[in-house]
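Single chain ahead, by itself, as structure tokens, in the form predicted on its own.
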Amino acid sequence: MKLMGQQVVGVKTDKSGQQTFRAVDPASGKQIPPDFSAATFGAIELAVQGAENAFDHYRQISYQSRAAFLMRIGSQLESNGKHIVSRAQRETGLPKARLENELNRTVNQFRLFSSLVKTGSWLEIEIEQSHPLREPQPKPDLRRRMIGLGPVAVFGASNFPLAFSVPGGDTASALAAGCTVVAKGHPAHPGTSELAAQAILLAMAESNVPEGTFSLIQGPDYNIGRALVSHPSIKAVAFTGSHQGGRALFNLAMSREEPIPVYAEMGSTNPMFMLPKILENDYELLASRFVQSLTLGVGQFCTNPGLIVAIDSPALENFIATSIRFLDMQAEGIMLHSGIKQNYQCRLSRWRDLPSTHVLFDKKGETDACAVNPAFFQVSSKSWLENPLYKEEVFGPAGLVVACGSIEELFEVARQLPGQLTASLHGAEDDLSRFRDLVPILERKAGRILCNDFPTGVEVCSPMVHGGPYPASTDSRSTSVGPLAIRRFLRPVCYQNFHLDILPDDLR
């Protein structure tokens, strides 16, 4: 595989844009060749028109052929994994083992959706035959199945350059649904995106899929994403990233003459409720596991636990002191790019400047371009309830303890939580019985609720939900992980009194 710095439009490449950009090594701040051509509006038009032209052909190929195509994408990613992982290391600063695991997850996502397509269960077929003699009026023959929405715009995430990016779960589930895809690569890792796109092109060449089924466009200009979402042929958007970015795309999609669904996963503080008895008995183990989860990936997972809610007590003080000890052992970490670091530092400054914030741990002295240290703060439940800044996600290794004066205050914090991807309960047996009324509250707040576990690590399987009420995501009915993710790109069609000769094979 050789990087060309080009747009991948159908089975062609495009390097007509005069504006160029490069990836940047987050550890040194140095640019990484080659130059990448930024997409022109002409290239965007070609990519979207190609997706529109290919859609009806692609969605009507046999499910066996579609499943085989998805399997071939996984195989091409796997066989070219060495080159992809090597480039991703340079562009993200992530360790090789982490990227190899992410590549394996990405490959398995395509295999999972390949297996799902073959079952046909995603069609959700319902058939009710006619009753012409029914009184007072005949009953028609009614049959229903799901079909793909149309061309989908997929926005690559910065924190998962594979599993939530160009070859990620959004692309896999959209292709599985019979939709064509135009992917917008994240400008922080353009080489990784292009290599992944090349693997998909190789799978297209091996499969009976039309030109235009998949395209990749790249560039650092926000106008590229706006043009993509605004195009009338795009019928859905998938996005993983910041609340600001996701909300901007959502607003744009709603302002179109034809509004379209935007499935934006925009982050979470992932609150953990530490109940009294378990804090008293196991504060050291809880502190150790909390710090590991908080700092995993330099706090750049959307599931890092950034919020601890507990009743003020000597046990909570012991937990805090132990957490500080473990945090002090952490080496500084390299964030993915300078924009994430700047945003992290800005949000920390907003917390520090509030008089109600008690700084628990805030080591300075980062040296490398994108290096940061973890931070740890405490506020009272009264301050947390009154100030919306404390409810916002800080994307990075920052934790906030909300110390509650009573059980009633703890429940009020739970009721006032904004939407979350995850919420966790940590309690001994007595705690869980005593605080069981927290569960129905948290059901309304999060897509995944954990008991005596930590939220980092998302198992790709059928029961998994990776989504939640706003602002965690723009549609709480969906998930971006697991087989259920295919539903985002499907819609139902009912066929009434159809002649068998023209009825789709699925419904005969």
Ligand code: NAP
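Fair warning: this is a prediction, and the values are worked out from it, not measured in the lab. We number the residues from 1 along the sequence you see.
We do not show the form predicted together with the ligand, though everything after this point is about it.
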| item | value |
| --- | --- |
| Any non-hydrogen atom of R66 within 4.5 angstroms of the ligand in the predicted bound form | no |
| Close approach of W384 to the ligand in the predicted bound form, 4.5 Å, heavy atom | no |
| Any non-hydrogen atom of K184 within 4.5 angstroms of the ligand in the predicted bound form | yes |
| Touches the ligand in the predicted bound form: P161 (any heavy atom, 4.5 Å) | no |
| Every residue of G245, M266 and F395 near the ligand in the predicted bound form, heavy atom within 4.5 Å | yes |
| Candidate stretches 90-98, 408-416, 133-141, 218-226, one within 4.5 Å of the ligand in the predicted bound form by heavy atom | 218-226 |
| The unique member of I84, A157, V309, A199 whose heavy atoms fall within 4.5 Å of the ligand in the predicted bound form | A157 |
| The single option of T422, S323, T171, T240 touching the ligand in the predicted bound form, heavy atom within 4.5 Å | T240 |
| Stretch 317-348: residues contacting the ligand in the predicted bound form, 4.5 Å heavy atom cut-off | H337, I340 |
